[in-house]
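Okay, so we've got the same protein chain twice, two forms, each given alone as structure tokens, structure 1 and structure 2.
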Structure 1
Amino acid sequence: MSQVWARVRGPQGQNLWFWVFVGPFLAGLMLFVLVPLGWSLWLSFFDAHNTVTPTRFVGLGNYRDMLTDPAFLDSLGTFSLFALFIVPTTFALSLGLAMLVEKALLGRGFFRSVFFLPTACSYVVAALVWKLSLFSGVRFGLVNTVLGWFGQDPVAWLSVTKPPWYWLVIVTLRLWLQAGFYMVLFLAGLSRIPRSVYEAAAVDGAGPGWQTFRWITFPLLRSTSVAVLVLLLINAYQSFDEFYNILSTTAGYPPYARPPLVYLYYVALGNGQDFGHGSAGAMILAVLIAVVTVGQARFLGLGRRSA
């Protein structure tokens, strides 16, 4: 018995301590991620109105309904376009901030903290601040007050669709919340570039500024850049909190700028309580994110060594 216990513990108790530290996280992953994912997949093949233990099997019927649902397809199309805009915009802003902070001679730690601080803010709280204070649409809203200083009329940011000013509200909020986090990732990547590379480039005649960035900095940030792009793309399709809290009203969510997760939220948890179609839509969205992410990662070479 003592030999079995010694074998389980491993040399110097390595196996035991491995499971002490990894076990809780593995249990949480199983309980809160894998089990709900498997249950959702199972529900997607059943007529599951108002129940999570359905008995009527419908096969791929829910998937067929979702893939022919104009509202769901419009939501997927809208957020594919949103991803095409927000991913490169956030990438460029984060990289620009990282370059500026990394070059700062004074207050580098202060600016790093200031730009990273929004990451710790709740999306719900930030969305309400944007909606009720900055872009409230009334004359005394902060942005409308600034416009008034220049003789401009107040803008109803969230209650008009032509022009769609609500996108400006959402995009500025998202950039404020996320740019600092990705800036830190780029700062970590910049810190790994040896100074000797820049010195050698200078000796070879490379000028500072754009030339150095184009031929030295950006190529050596390749691994970090690919990881940032993959994370940004996943986050774009998983948008929920800021959209829901900014655009939803007591009458529900408007039919425009509707993230797929918000649509599925109303399908599965709205008046219909249709868990079957909601789960099928969630599976379709998960497959779409996986396909686009894997395709992007392979195209950009995630995991390859930097040149």
Structure 2
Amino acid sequence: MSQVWARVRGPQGQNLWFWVFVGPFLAGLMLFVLVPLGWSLWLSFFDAHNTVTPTRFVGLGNYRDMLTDPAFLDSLGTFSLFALFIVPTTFALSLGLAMLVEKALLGRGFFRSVFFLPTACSYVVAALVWKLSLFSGVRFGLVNTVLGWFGQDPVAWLSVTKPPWYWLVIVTLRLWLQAGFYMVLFLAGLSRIPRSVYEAAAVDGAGPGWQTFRWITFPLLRSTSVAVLVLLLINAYQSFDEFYNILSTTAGYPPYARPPLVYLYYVALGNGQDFGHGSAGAMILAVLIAVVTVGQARFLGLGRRSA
């Protein structure tokens, strides 16, 4: 008996100590991440309106419904369009800012702080400024005022769908809020490039500016760039706050601009409390994100030795 106990405890009780340290975390992870995932998977095979202990098994019915639901498919389309706008623009802007800050004659620390500062702001507060001050649809918004100086009529930024001006509002908001964060990642990447590489390039006759950037800096930033792209795409999939706060009103939410998370929020936690379809949608989204992330990482060579 005592021998069994000694084996359980391990030398110096290290097996027990391991569980003292890791146990609380693991228990929480089980309860709030793993159990919910399992539960969700289970719910996704049932008809579960207003209940989380359903009885009517529908098999893959919920999945079939979601995959043929035009609203859900539209939400995936909305996301794809959003990613198409936001991923390259954020990438370019944050890399551009990092290059500018790196090359600043003076005040590097100051500029870095200014561009990073929006990270402290929440999407809710930013949405407030964008919706009611910058891009306010009536004449008093800042952008409309500036347009007025050039003799342009005020634009109803959020209430017209042709052309979809609300995209400009949503994309610029996320750009402002996020670019500084990715800029810091790029700055970290830039600081890891040894100076000798630039000196050697100069000796070989590479002109400063574009040539050096194209043939030296950018290739050496490869691993940072890959990480930033993967992060940008994952984050774009999960966009919720700015869409919800800019477009939702007391009158409801316009169906034309629902990314997946907003749609699932309304399906599962809206009036219908449709947990079955909500869970199926969440599973589809999770698989999609995993596939796209792994695919993108493979394509870009994340995890390669050299990266």
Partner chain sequence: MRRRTGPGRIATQVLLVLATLVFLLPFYLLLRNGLARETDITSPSWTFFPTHIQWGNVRELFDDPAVPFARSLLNSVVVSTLQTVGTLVVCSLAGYGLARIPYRHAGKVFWLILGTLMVPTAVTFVPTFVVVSSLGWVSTLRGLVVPLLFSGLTAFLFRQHFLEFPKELEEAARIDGLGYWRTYWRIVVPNSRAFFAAIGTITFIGAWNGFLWPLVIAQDSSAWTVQIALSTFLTAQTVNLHELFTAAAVSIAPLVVLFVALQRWIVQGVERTGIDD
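It should be emphasised that the depicted structure is a prediction, and the values quoted were computed from it without experimental measurement. In this text, the rigid core denotes the largest set of C-alpha atoms whose superposition between the two forms falls within 1.5 Å. Counting starts at 1 with the first residue of structure 1 and goes up one by one along its sequence.
The second of the two structures is the form predicted in complex with its partner chain. After superposition on the rigid core, displacement of the C-alpha of Val22 between structures 1 and 2 amounts to 2 Å or more. After superposing the rigid core, the C-alpha of Trp39 moves by 2 Å or more between structures 1 and 2.
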